[in-house]
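Take a look at this one chain, the form predicted on its own, written out in structure tokens.
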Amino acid sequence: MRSAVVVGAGVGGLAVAGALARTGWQVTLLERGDRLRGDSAALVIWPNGIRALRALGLGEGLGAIASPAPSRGIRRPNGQWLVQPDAPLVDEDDGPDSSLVVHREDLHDALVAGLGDRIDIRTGIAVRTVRALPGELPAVGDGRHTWEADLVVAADGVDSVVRRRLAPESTAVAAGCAAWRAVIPWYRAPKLPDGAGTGGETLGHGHRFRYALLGERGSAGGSSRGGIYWAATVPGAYRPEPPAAQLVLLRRWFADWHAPITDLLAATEPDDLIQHPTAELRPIPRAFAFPAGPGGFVLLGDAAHAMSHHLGQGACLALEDAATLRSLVLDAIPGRTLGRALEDYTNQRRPRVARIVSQSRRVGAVYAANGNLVVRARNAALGLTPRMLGRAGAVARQWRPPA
């Protein structure tokens, strides 16, 4: 039986572990934490991510845990529109934006359910060693035990130990901003003003605030963990203060922004707040797969291509990686065709990811605009060409799973 070790139980690691197990691989899943868990925020799944979930056999039931993402209009901090919500932000041939917003714990539960009961799950494992020799099975270890297999999938994030061993030229660097996420449960969520819709986005001087509804007030709605999700970005470095102090700063930075932003921050409690790391890899690795023995190593998700969060594509690209890898190794035989399948993985994934990274940096420059003159120029450009940001998103949306 073909064997695989998956390092990391985030979105990408869970998705690929379940996909391999369902197609006949013997899978061992290694997780640093003491248990498999999702965080208490939410994320937007773009159409490419939805297609990837369906290709992985995980699309059924998605509608039961997700809600439609809000329209993509953009406001100024005083509430005036920069880009009207009914203005097209994508090219006509790209179709409507059918993105969904889902609580991360709900998505995590769905991915864990997709693992089945044949996966060997090991928690509390911090991978420290990597063995990549031509004549031996690829392997990883924690200093006490070693796990070897035909295929090792590194889905262990931006600080991946496996990537540092195989692609040392790629290093994590700060993205120049700090970011937070939170979900306010319905029982203490503020009442939204008339016209607030199902969410929105606001841009200021290097500051950005987004919010979206998870389900409907008074019921679980489309999510078993309903509420109001929000995300905020400010210029600067990762903040070291405790959550309560960070929340005070956020309320100060967004104090004069339009409703319901101040109300959402007022209703947020320190335990709701999650500061999101914003590091990115520079450069991205020269390859996403590395041969060893009868198979080799694969980098997946942030381990391969961590980037700034401005396009919101981190989880979606990890799901794309998982769907692509599943398709390529479906019939691969270790020692015969597995090596070629891994080479194809790099050939299919790296050019696309490089393009998305470039687009993300361009969008980041738009969002990071600071200073009165620069912000006025940015706002004028958005008002005249509302598709400026939509074109970047269209590059991400247009992915289709391998045949």
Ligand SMILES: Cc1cc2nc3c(=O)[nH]c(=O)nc-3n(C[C@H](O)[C@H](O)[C@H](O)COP(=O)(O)OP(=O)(O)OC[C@H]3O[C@@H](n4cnc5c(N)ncnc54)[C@H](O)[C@@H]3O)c2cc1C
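Model, not experiment: these values are computed from the prediction. We number the residues from 1 along the sequence you see.
Not pictured, yet referred to below: the form predicted in complex with the ligand.
Asker: Between the options Val27, Ala66, Leu30, Leu53, which residue brings a heavy atom to within 4.5 Å of the ligand in the predicted bound form?
Answerer: Only one listed residue qualifies here, and that residue is Leu30.
Asker: Using a 4.5 Å heavy atom cut-off, which residue among Ala322, Ala155, Leu214, Val152 comes into contact with the ligand in the predicted bound form?
Answerer: None of the others qualify; the residue that does is Ala155.
Asker: Heavy atom to heavy atom, is Ala369 within 4.5 Å of the ligand in the predicted bound form?
Answerer: Contact with the ligand, no.
Asker: Does Val183 reach the ligand in the predicted bound form, with heavy atoms at most 4.5 Å apart?
Answerer: No - in the predicted bound form, heavy atoms of Val183 and the ligand never come within 4.5 Å of each other.
Asker: Verify the contact flag for Thr268: yes if a non-hydrogen atom of it lies within 4.5 Å of a non-hydrogen atom of the ligand in the predicted bound form, no if not.
Answerer: Contact check for Thr268: no, nothing within 4.5 Å of the ligand in the predicted bound form.
Asker: Does the ligand come within 4.5 Å of any heavy atom of Val363 in the predicted bound form?
Answerer: Close contact is absent here: in the predicted bound form, Val363 is far from the ligand, nothing within 4.5 Å, heavy atoms only.
Asker: Heavy atoms within 4.5 Å of the ligand in the predicted bound form: which stretch among 175-183, 258-266, 284-292, 237-245?
Answerer: Correct option: 175-183.
Asker: Can you work out whether the ligand is within 4.5 angstroms of a heavy atom in all three of Gly12, Arg104 and His309 in the predicted bound form?
Answerer: All three within 4.5 Å in the predicted bound form.
Asker: For 126-150: residues with a non-hydrogen atom within 4.5 angstroms of the ligand in the predicted bound form?
Answerer: In sequence order, Ala126, Val127 come within 4.5 Å of the partner.
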